[in-house]
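Only one chain is shown below, in structure tokens, and it's the form predicted alone.
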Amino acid sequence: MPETFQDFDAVVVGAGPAGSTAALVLARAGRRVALLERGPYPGSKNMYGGVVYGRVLDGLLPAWWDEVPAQRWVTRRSTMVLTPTQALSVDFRTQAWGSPPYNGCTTLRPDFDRWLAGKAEEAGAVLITSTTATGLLRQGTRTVGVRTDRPQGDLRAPVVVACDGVNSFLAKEAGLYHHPEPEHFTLGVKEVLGLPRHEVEKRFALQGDEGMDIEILGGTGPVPGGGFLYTNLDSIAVGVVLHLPALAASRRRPEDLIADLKAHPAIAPLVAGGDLKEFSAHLIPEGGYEAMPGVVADGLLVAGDAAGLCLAAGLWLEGVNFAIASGQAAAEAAIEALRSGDSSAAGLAGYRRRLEASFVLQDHKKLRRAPGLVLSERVQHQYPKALCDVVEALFTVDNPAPKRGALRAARAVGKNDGVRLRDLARDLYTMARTFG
């Protein structure tokens, strides 16, 4: 490593969305910043087929949609509830999402991360690839840089921004990780299946660069979690998100659960004939606000997945937008601290204040009850079956018997499916407080 690489105003560890955004903002402020990436290029270690919601980019990169490596612009969003033999979908589409400024796009992380890191480089950040941060450099309790796996590869800086992903080793070393328990994590497992572009558009009723996002409740058998299906240009991403302790207890392999989902009558026609291009797995911080680690210490800030900033709330599964916003907030706090010459925890406290004032922690606070609710036995298994059974009863024509009506059908189904009014009332109250 060249001698000139060893001293910076800030070192950002991890060139994902949080890290690249932090490096971009710091570099634009004239600060000498190193952006450290363990892979040969940003995104090389990330396997991803999902949706990026880009409103958070508007202030950073105006007209970002003209450059972002989008696969498709999502104009159709579906929430699907599954039982082993039934499927109920709320399907929404709008042309308003199909033109600038757009709502969200499907993208591949190797492409997206490379693009965003490139913006940081253009602003003056020094990208250092194929280099792993192996630990923190400390003076007492203060972080003053990072050690790397390169010979004489210490990088010194008054501020380190840890964006090293879920279960952050740097945050743990700094004593900030207070909730490492498995119940606060899920395992996301995904397959990318190649399909001709015209076949993707035919199966999902799309045209041009339109895309679809399907979020699925149910379909993971005995393991609490959910599923997803996203359209790319000439492929689809299908997968499951699985609660870690329940997955271990089930003794089932994640790929078997994906196979079960793909075989479901509602999903099988959408994935039939797809050519497996990629299989990947990734830990997801799903404990929400209550399980977040500390995000500020002397000389250290924690952002993105490393800070547990992933919104897994049933209706929403978002992470990249929270990563970008937290990376920006971390950079702004670092700039403030460097200007004042105080990179202690007190000098960096503006980071937490910025998170509190933005959608990042406001959304996480509002939805703090969602993880426990969504992963509960009733929401995972009992309610999907009851809901599907009610709809099936309503639409089953069994003349000469008269139609029962929705309320009568719901009462009969609730009794048959073991739904207790007491539990339903309590869960509806929690849903109203959480999502209302």
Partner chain sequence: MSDPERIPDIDFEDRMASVEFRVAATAHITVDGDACRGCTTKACVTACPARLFVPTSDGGILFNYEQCFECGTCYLVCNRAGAITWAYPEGGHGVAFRRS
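This structure is a prediction, so every number in the text was calculated from the model and none was measured. Positions refer to the first chain, counted from 1.
Here the subject shifts to the form predicted in complex with the partner chain, a form of this protein not shown in this document.
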All three of Thr132, Lys172 and Leu244 touching the partner chain in the predicted bound form at 4.5 Å, heavy atom to heavy atom?
yes
My question is simply whether Ala349 lines the interface with the partner chain in the predicted bound form - judged by any non-hydrogen atom within 4.5 Å.
no
Indicate whether Phe279 is a 4.5 Å heavy atom neighbour of the partner chain in the predicted bound form.
yes
In the predicted bound form, does Asp305 come within 4.5 Å of the partner chain, counting heavy atoms only?
no
Please determine whether Leu270 contacts the partner chain in the predicted bound form, using a 4.5 Å cut-off between heavy atoms.
no
Sole residue of Val189, Leu136, Leu127, Ile214 within 4.5 Å of the partner chain in the predicted bound form, by heavy atom
Val189
Can you pick out, from Ala259, Ala123, Ala205, Ala357, the residue that has a heavy atom within 4.5 Å of the partner chain in the predicted bound form?
Ala259
Where, among 262 to 270, 153 to 161, 220 to 228, 83 to 91, do residues come within 4.5 Å of the partner chain in the predicted bound form by heavy atom distance?
262 to 270
Going through 93 to 110, which residues have a heavy atom within 4.5 Å of the partner chain in the predicted bound form? Please give them in sequence order.
Leu108, Arg109, Pro110
